[in-house]
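A lone chain, given as structure tokens: the form predicted on its own.
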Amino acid sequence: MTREHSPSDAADGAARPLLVAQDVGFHVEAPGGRLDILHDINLTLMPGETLAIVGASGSGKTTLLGLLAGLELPSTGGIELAGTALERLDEDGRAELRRRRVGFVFQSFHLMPSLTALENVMLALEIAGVDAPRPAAEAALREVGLGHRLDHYPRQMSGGEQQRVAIARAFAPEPALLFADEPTGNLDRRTGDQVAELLFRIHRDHGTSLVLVTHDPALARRCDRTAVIEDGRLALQPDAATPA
């Protein structure tokens, strides 16, 4: 499968940021008044880069991930994904951008229980508009070591196997950016380490940028950079790595 050219590729060959958040804030209205969840978030992700988002429970990590992916719009500031300002798109436009550019891996797998492993991955490819989803789905599942589990349902697989299916589903459409929300959170240490190794191997082999939320310091250290969120603010955000 051939990856489409990203709008973040400059004409002179110099890489442009794949993801930019500028002065992003997010609040909701609560019975006791406005609840501020995120404040003045600024970050940049370059093509092929990996970023860990860490922080205590309730600090706003998952909220930030959802904003970066365009699942919701920020209350203040702006986010640009693959050269497109998310606030300029309606909900359908953001969904289309995610379909073409973004993959997701969740802590709870989110597989369709009535579909086999192969059908779960094929569904993602069909949504992405891939003409021949079955061969691509089979190849993705073989890549994550599940070539022997194509016709098994989620209930017939272990947690680690289900997460492997979820990873295959996420990267099979060749997204430019993969978001992972606590991808090892529901797994034991050994299985979690195997899943983490798989995520980073796919990142290396496919050139996919990776943004992951994690409580695991060892997993965060594997990323190029780490963003630490405390009380809705970035306490640490190193400068973006200079592309080679």
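Don't overthink the numbering: it's just position in the shown sequence, from 1. Everything numeric in this text was worked out from a predicted model, so none of it was measured.
Absent from the display: the form predicted in complex with a small molecule. The rest refers to it.
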| query | finding |
| --- | --- |
| Options 171 to 179, 51 to 59, 200 to 208, 184 to 192; stretch whose heavy atom lies within 4.5 Å of the small molecule in the predicted complex | 51 to 59 |
| Partner contact for A218 in the predicted complex: the small molecule, 4.5 angstroms, heavy atom | no |
| is_contact(T44, the small molecule) in the predicted complex, heavy atom dist at most 4.5 Å | no |
| I37: touches the small molecule in the predicted complex, heavy atom cutoff 4.5 angstroms | yes |
